[in-house]
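Taking the form predicted on its own, here's one chain by itself in structure tokens.
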């Protein structure tokens, strides 16, 4: 079946499953360019034509830019992020933001970036609204086609919408484990046509049969994805509750002849306000299950069983990204906040063992 598509803005459509680029930044193992490009081809041929990356994902913009240069114009949509360093926020000038955007254009080998998703580490430092308005002016100039957000809270998004900033999307963490966006963010964004682009639907791979019946993993974990999402499991009832969820998902998946991951993706795609799911993928080994998730229609029985389970399950507290924004808390302490300094993003993505690339 063909991967469904969704209009994110007038004249701009994306695949409802997006290929994530975080796992190509080195923290999940060495990346071989030829193999990475072959995997990208497999995704595009399967109908997943939209890719996600960031200026702070080491070497990933260059890697995708090399691939896009070999494809027909417009065949692949590339979403990147603008993530100014924490240390620069207090005095960030518009020229610095423009330089970040120009660098992404060079890396991706394009005149205009399809979508730039803006992130700000600390609301108390600097003037994020002025920075966002600078990006909006770059849209008017043609350096950026569309403007989105990454991990802002509900009051900040409300302020942007009141000011008329042309936001088309908001990237947030959303999964069967983390349902924070459903409380306030999704209802706020939907009336304004701001589509949610959701990462974490597979919880870094935890939502898969590999973990069914397994004992609780102990630190240090294999990679940063597992470290991050194990914290979310801890917030939502712990390992025993998580195993109960996997057991339920496995039963539903078996009825449909798919993997647990496909059910997890399908559930997120069915939530109000969700435009697409970002599936982090180091390679194409799970591509068939990813495509299945994009096309799977959960039955009334499936949905009822999941909703009954979730109604008795804890949700991480607070607004979207509130736990992660606390730099003193255990979610925030695993982040690295200054990866956009000159030269820091030019290293080829082959350094195995990198664990300092934050997921934003």
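Positions refer to the first chain, counted from 1. Note that the structure is predicted; figures quoted are calculated from it, not measured.
Note that the form predicted together with a small molecule isn't included here; everything after this is about it.
- Proximity to the small molecule in the predicted complex, taken as a non-hydrogen atom within 4.5 angstroms, holds for one residue of 199, 267, 120, 242, which is 199.
- Only one of 210, 255, 192, 109 comes within 4.5 Å of the small molecule in the predicted complex through a heavy atom, and that residue is 210.
- Looking at residue 225, you'd find a heavy atom of it within 4.5 angstroms of the small molecule in the predicted complex.
- At a distance threshold of 4.5 angstroms between non-hydrogen atoms, residue 100 is out of contact with the small molecule in the predicted complex.
- When the small molecule is considered in the predicted complex, residue 204 lines it closely, a heavy atom lying within 4.5 Å.
- Residue 181 falls outside the set of residues with a heavy atom inside 4.5 Å of the small molecule in the predicted complex.
- Stretch 287-295 is the contacting one of 325-333, 301-309, 65-73, 287-295, since its residues have non-hydrogen atoms within 4.5 Å of the small molecule in the predicted complex.
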